[in-house]
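Here you get one chain, nothing else, as structure tokens; it is the form predicted on its own.
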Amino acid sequence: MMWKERYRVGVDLIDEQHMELFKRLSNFIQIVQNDIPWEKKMGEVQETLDFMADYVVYHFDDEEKLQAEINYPDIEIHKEAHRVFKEGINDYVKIFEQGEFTEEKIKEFSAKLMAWLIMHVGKMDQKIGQYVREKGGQA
């Protein structure tokens, strides 16, 4: 799963953060699809969970700050999507901490991350850039 230019919003900070998310997720998916036993993947799973739990908060804060600065009309809808995603990440963190992380859960987690990232960046976040451009600002 690679970054595609069509995912670019046009706001440098946000685009750089999105690229980092795509890079990390792409690496994680390669690990998940690797033929090594899933028990040996647990370190990478933990690392990805830790990264996502921290980085999405950091990224979402920046994205929401930008939306507030530009008076983005759908900010509350966007905040709710972020809240739901953070909640989902935290659910997987709890599953992992309880020792209930199976190969099936690892694959489910990677698939959900991929689907969410593509849908969110490819659709919802594109509207932010479009809004900025329509207002005559730089996106």
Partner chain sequence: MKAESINAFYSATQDVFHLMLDLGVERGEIKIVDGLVSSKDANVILGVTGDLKGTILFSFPKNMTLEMVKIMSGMEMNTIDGFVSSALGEVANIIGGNAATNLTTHNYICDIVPPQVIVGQYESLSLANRNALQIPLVTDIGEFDINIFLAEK
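Positions refer to the first chain, counted from 1. Keep in mind that this is a model prediction, so the values were computed, not measured. We call the rigid core whatever largest set of C-alpha positions still superposes within 1.5 Å between the two forms.
This protein has a second form, the form predicted in complex with its partner chain, left out of what is shown; the following refers to that one.
A.B. asks: If contact means any heavy atom within 4.5 Å, which of 51 to 59, 82 to 90, 69 to 77, 100 to 108 contacts its partner chain in the predicted complex?
C.D. replies: The contacting stretch is 100 to 108.
A.B. asks: With the partner left out of view, is V45 within 4.5 angstroms of its partner chain in the predicted complex by any non-hydrogen atom?
C.D. replies: Answer no; every heavy atom of V45 is more than 4.5 Å from its partner chain in the predicted complex.
A.B. asks: Is I95 close enough to touch its partner chain in the predicted complex, meaning at least one heavy atom pair within 4.5 Å?
C.D. replies: Result no; I95 lies far from its partner chain in the predicted complex.
A.B. asks: Would G129 sit within 4.5 Å of its partner chain in the predicted complex, counting heavy atoms only?
C.D. replies: Result no; G129 lies far from its partner chain in the predicted complex.
A.B. asks: Residue-level contact is defined here as any heavy atom of the residue lying within 4.5 Å of its partner chain in the predicted complex; does L13 satisfy this criterion?
C.D. replies: Answer no; every heavy atom of L13 is more than 4.5 Å from its partner chain in the predicted complex.
A.B. asks: With its partner chain taken in the predicted complex, which residues across 85 to 121 come within 4.5 angstroms through any non-hydrogen atom?
C.D. replies: E104, K107, E108, S110, A111, K112, M114, A115, W116, I118, M119, in sequence order.
A.B. asks: With both forms fitted on the core, check whether the Cα of K41 differs by 2 Å or more between the shown form and the other one.
C.D. replies: Yes; that C-alpha moves by at least 2 Å between the shown form and the other one.
A.B. asks: After fitting the rigid core, is the C-alpha of E80 off by 2 Å or more between the shown form and the other one?
C.D. replies: No, because once the rigid core is superposed, the C-alpha of E80 moves less than 2 Å between the shown form and the other one.
A.B. asks: Using a rigid core alignment, state whether the CA of E103 is displaced by 2 Å or more between the shown form and the other one.
C.D. replies: Shift of 2 Å or more: yes.
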